[in-house]
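Let's start with one chain on its own, the form predicted alone, as structure tokens.
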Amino acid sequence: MKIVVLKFGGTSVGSTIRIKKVAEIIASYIKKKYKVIVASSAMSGITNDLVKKAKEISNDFLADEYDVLVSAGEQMSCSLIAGRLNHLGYKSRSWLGWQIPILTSGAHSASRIQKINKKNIISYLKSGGIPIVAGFQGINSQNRITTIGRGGTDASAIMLAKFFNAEKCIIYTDVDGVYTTDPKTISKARKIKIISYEEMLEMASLGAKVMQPHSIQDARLNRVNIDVRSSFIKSSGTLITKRKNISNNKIIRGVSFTKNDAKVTLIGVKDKPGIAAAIFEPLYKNSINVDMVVQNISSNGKETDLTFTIKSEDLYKTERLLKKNKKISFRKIIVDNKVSKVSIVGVGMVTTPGVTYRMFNALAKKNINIIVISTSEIKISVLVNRKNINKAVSALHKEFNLEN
């Protein structure tokens, strides 16, 4: 069978008018002789409303019941899509995670799909049916509903494509692809036709909101090509694939940035083995993600200064945890919640000398001070004053010729 998996995000199914449009898109693939499996998100705003209700009921809502609650939105949208397809004369029905079943492991709200039972869906496809599968959900070994994290319908679609050996996995969303940077910030941002898993993973982790990082990782591990397209306009999208499928790589593929960072500096930390672990242990236990880390080497070998970044919403909790941490001592703590991170991403920098110089020089020409630097094989990130973020993105976008 020639199978295609189509995923529709919350904005794509955000109203009955949009669901009618989604049904037309699905029908267009049926006309091309594909067997179609659909993965649907909840209608936009529904999941947030359910989360709000949970918080109003209890500030310690049971994790397993929370998953039952927040998975309800997908049930609604799947039924509406199937209902519209039946109205148009097609055979279609909704499938919830437990009905297939989609088997997961891991904690509630952060589960991962381990297996999808193919028998019932295959039988339904052969009968001419169009299964509309609820994304974001499955069941665990205790037969309880689980969810796989916000943005999890992407992961559902990718795993459906893997287990059913689909020819295509197409993610329909409210944008028509992945851009060199945010087009709302830089009007000359250009749509990227093809990008590697590694580049997309870095860009998603660094602020690009097209897909969740763990979904990109799932696609990379399972070698599932992803086509990102708009459900609102007819145009080619962006193909996310493995490196060897990409020819004529640009040195830099894109510029990403975030605006919700905060910097924490501990002055006069005792320089001894295990001190860094002691600093970050309570942050880890409180699910605070630490990003860029810089440690200065002390001249006397007794003290050091340690700087790291976190999300700004975690700043108050981080300060409180550091101040009450009895395992560490320091003379002073300095915080700054007016910083932003800007990054360049590209597999081409691995074999191209001078990229670091060009980045730093472009920022220097605009009189932008670099506060912290972090690098990986295909990424360079710098921390700058938040007021300079748009100027920094523009300078780097131009320096690496991403407008063409």
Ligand code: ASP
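We number the residues from 1 along the sequence you see. Under this definition, the rigid core comprises the largest set of C-alpha atoms superposing within 1.5 Å between the forms. What you are looking at is a predicted structure, and each value in this text was computed from that prediction instead of being measured.
Separately, the form predicted together with the ligand exists; it is not shown, and the next lines address it.
**Proximity to the ligand in the predicted bound form (heavy atom, within 4.5 Å), stretch among 144-152, 159-167, 307-315, 89-97** = Stretch 144-152 is the one.
**Message:** Please determine whether V342 contacts the ligand in the predicted bound form, using a 4.5 Å cut-off between heavy atoms.
**Reply:** Output for V342 is no: heavy atoms all beyond 4.5 Å of the ligand.
**Message:** Taking the ligand as it sits in the predicted bound form, is M359 in contact with it (heavy atom to heavy atom, 4.5 Å or less)?
**Reply:** So M359 does not count as contacting the ligand.
**Asked** Is there any non-hydrogen atom of A42 lying within 4.5 Å of the ligand in the predicted bound form?
**Response** Taking the distances in the predicted bound form, the answer for A42 is yes, it comes within 4.5 Å of the ligand.
**Asked** Is there a C-alpha shift of 2 Å or more at N48 between the shown form and the other one once the rigid core is superposed?
**Response** Yes: N48 shifts by at least 2 Å between the shown form and the other one.
**Request:** Take the rigid core as the frame of reference and indicate whether the C-alpha of L69 shifts by 2 Å or more between the shown form and the other one.
**Result:** Yes, the C-alpha moves 2 Å or more.
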